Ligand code: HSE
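Take a look at this single chain in structure tokens; it is the form predicted alone.
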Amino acid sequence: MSEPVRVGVVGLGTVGSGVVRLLVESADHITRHAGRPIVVERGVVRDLEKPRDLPLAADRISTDIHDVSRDESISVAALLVGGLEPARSMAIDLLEHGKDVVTANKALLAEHGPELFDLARRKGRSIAFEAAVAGGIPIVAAIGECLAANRIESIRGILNGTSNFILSTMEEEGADYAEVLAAAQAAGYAEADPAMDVDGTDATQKLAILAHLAFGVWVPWADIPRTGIEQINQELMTYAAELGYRIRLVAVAARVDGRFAMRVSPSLVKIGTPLAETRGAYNAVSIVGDAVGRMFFHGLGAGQMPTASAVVADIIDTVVGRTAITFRTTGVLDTDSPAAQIAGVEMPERFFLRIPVRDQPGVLAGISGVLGRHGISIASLIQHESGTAGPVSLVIMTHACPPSAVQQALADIDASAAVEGRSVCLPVLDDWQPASRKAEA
């Protein structure tokens, strides 16, 4: 039998523990796919005193990254710590000392990807990162390899399992956001500090990576407009359902007249479509390619074993040499990749507006007039009778229009004396497809 490949696992938390278990407990299966045994040589942790139930001897675990980076018998390192530091310094140390790196850290790649990938190429090493986006869904390989013959036209994705769990549970149980968030934290679906999940940051970082893979351009993730789910309540969900839609946090990237539009926002998706039926902690990604048309990927986007599955698959690809080939040839996260300016690039869409108005004559006419002056046409309107004093909700679905026109119109509307409070504006994701596909249809 061939000599075993020795692996170091940096970070033995939820995902790292799952990786060790898979490599040990599925050793025969993994050896068959890799062509040689893969052995966990060392693990690195922050706290040695933390109890761990792992098939890894205690003397193989330390707190020193050098025990992996300086060990010449180790050729592959799984970097499974979160955040930017010390993750960035660890990645540099591992690459500088000749290790191929497998990581699940999307924040690190979204912030420092070009720098780290440039270092890896200069050192003749590779970085694999399937687990960094959409957990167990093989979306990185799908875009970077399987769909390489395609010019990708658009990506739409539910990329954060925590926010999707919260929204779908609110919908199913009729509960409010704060109540479901607390339950999600108690069940371990949400972190004690869930900010990056619920404010759209996590999904935006993943979108930046996917957009680079799909379009070959680099967009700093902080430049991508993002809106979180904190404003979503039962009233909005009820109105959306009345119109035949559900609300999901959706990341969107699309070619628009040779440029790129990107955003992450709670959006209305039609009931019965795949994104609308994606529930719980699941992720989903819809891709339109110019040759293959629309494709859809669905699966658990987080959790110990789905993410560990993606990490181990990357380790196997690294061992057999597939990662090195694609890493050399595709130019992924290359420092020479052109930067895309997405500011001012607009994709005309329909919008759902909820406007809190005084129940008095002339209000509807005034709001219609403001929308008309900004070139916005009304597709449908809902205003239910109110049995209480105070503002009532005016719900409007627009025809397709530029997002900037809607924002300007809402600024004027919210400044009106007839409006009490701030309006809510959510994009409506109808079945968008590129002009070339429309012509074929």
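Just so it is clear, the structure is predicted and the values come from calculations on it, not from any experiment. A residue's number is simply how far along the shown sequence it sits, counting from 1.
Another form exists, predicted together with L-homoserine; not displayed. Remarks below refer to it.
Practice problem: Could you tell me which stretch in 93-101, 221-229, 157-165, 173-181 has residues with non-hydrogen atoms within 4.5 Å of L-homoserine in the model of the complex? | Solution: That would be stretch 157-165.
Quiz item: Considering 191, 115, 346, 277, which brings a non-hydrogen atom within 4.5 Å of L-homoserine in the model of the complex?
Solution: Checked against the cut-off, the match is 191.
Practice problem: Mark residue 212 yes when one of its heavy atoms lies within 4.5 Å of a heavy atom of L-homoserine in the model of the complex, and no otherwise. | Solution: Contact check for residue 212: no, nothing within 4.5 Å of L-homoserine in the model of the complex.
Quiz item: Can residue 371 be called a contact residue for L-homoserine in the model of the complex at 4.5 Å between heavy atoms?
Solution: Contact check for residue 371: no, nothing within 4.5 Å of L-homoserine in the model of the complex.
Quiz item: Is residue 301 a contact residue for L-homoserine in the model of the complex, using a 4.5 Å heavy atom cut-off?
Solution: Residue 301: contacts L-homoserine in the model of the complex.
Quiz prompt | Contact label in the model of the complex: residue 202 to L-homoserine, heavy atom within 4.5 Å | solution = Within the cut-off, so yes.
Quiz item: Taking L-homoserine in the model of the complex, which residues along 205-226 bring a heavy atom to within 4.5 Å of it?
Solution: Counting only heavy atoms within 4.5 Å of L-homoserine in the model of the complex, the single contacting residue of 205-226 is 206.
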